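Encoded as structure tokens, the following chain is the form predicted alone, with no partner shown.
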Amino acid sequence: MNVHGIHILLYAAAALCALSGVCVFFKSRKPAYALLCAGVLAHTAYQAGRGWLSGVFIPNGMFEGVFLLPLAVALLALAHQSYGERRPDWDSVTYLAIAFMAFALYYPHGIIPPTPQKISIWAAFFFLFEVPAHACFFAGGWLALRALMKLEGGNDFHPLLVWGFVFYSLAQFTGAVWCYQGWSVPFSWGARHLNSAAIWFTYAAYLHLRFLKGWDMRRKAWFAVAASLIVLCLSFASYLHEMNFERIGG
């Protein structure tokens, strides 16, 4: 397949994910599961193909957040459907994957030509931890919102936020190593680093709510929704800014 034709896989994954969402809406769980599995496979193949968009293998394109995020969210939904208790609240996480996939279709499909500092294994590790953390934060916020709307009950959002914080902390560590390796400092007072710090402190604060009186699960759910909106604004502001960058491969 031509390297530019690899984008067909993204559209195939989007179509399969959308069909899975339709099945979720009509409560046809087995077809929804099968279609989501197929969509995840197509999207995984697409992410692997993105490494060749420049004509030579550069791993940066495989880990770009806009395209990796819907896959991470879909994998969360798929993993719970495979190994957890089958419940409508978790099935609905597929809708999140569809929303992020729609943005990925709109976003420029090529890769930003990488500078020498950005061709680093630590860059790959950073995004491999940051994007799943974002997926956990968004899915947690979504489940918290559904609990508040009484579409489903429970506190399923809490473990997602805990795991998201673990992944995000690992992203901060690997990001600091990458930054030191490429720019000789582990932290800079730029927008990207300050946004990351703001997100980390937001969820660190969430984990400490247990020590405050009056913070029952309902109030924590409101916090989870608000925190996910903070992540949405900060991360997508960066994505929108990078839309104007010159790209190769689509």
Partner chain sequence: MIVKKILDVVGDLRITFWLLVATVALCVTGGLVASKNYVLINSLNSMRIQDWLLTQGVSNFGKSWWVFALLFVLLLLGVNTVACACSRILALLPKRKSMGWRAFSVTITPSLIHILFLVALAGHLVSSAFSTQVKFPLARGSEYELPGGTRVTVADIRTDYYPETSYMKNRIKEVTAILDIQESEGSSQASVSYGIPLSIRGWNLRLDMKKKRGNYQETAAADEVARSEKLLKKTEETCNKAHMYHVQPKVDRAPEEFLLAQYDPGFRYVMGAIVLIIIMMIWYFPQAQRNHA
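Numbering follows the first chain given and starts at 1. What you are looking at is a predicted structure, and each value in this text was computed from that prediction instead of being measured.
What comes next is about the form predicted together with the partner chain, which is not displayed.
*Asks:* Go through Leu41, Ala191, Met217, Ala48 and name the one with a heavy atom inside 4.5 Å of the partner chain in the model of the complex.
*Replies:* Contact check passes for Ala191.
*Asks:* Using 4.5 Å between non-hydrogen atoms, is Gly55 touching the partner chain in the model of the complex?
*Replies:* Close contact exists here: in the model of the complex, Gly55 approaches the partner chain to within 4.5 Å, heavy atoms only.
*Asks:* Using the partner position in the model of the complex, report whether Pro108 sits within 4.5 Å of the partner chain, counting heavy atoms only.
*Replies:* Judged by the heavy-atom cut-off of 4.5 Å, Pro108 is well away from the partner chain in the model of the complex.
*Asks:* Flag Trp222 as yes or no: does it have a non-hydrogen atom within 4.5 angstroms of any non-hydrogen atom of the partner chain in the model of the complex?
*Replies:* Trp222: no contact with the partner chain in the model of the complex.
*Asks:* Using 4.5 Å between non-hydrogen atoms, is His208 touching the partner chain in the model of the complex?
*Replies:* Although the partner chain is absent here, His208 would touch it in the model of the complex, with heavy atoms inside 4.5 Å.
*Asks:* Whether Pro113, Gln117 and Val185 jointly form a contact site for the partner chain in the model of the complex is the question; each needs a heavy atom within 4.5 Å.
*Replies:* Yes, all three are in contact.
*Asks:* Among 161-169, 68-76, 134-142, 93-101, which stretch sits within 4.5 Å of the partner chain in the model of the complex, heavy atoms only?
*Replies:* That would be 161-169.
*Asks:* Looking at the partner chain in the model of the complex, which residues in 193-213 have at least one heavy atom within 4.5 Å of it?
*Replies:* Contacting residues: Leu194, Asn195, Ala197, Ala198, Trp200, Phe201, Thr202, Ala204, Ala205, Leu207, His208, Leu209, Arg210, Phe211, Leu212.
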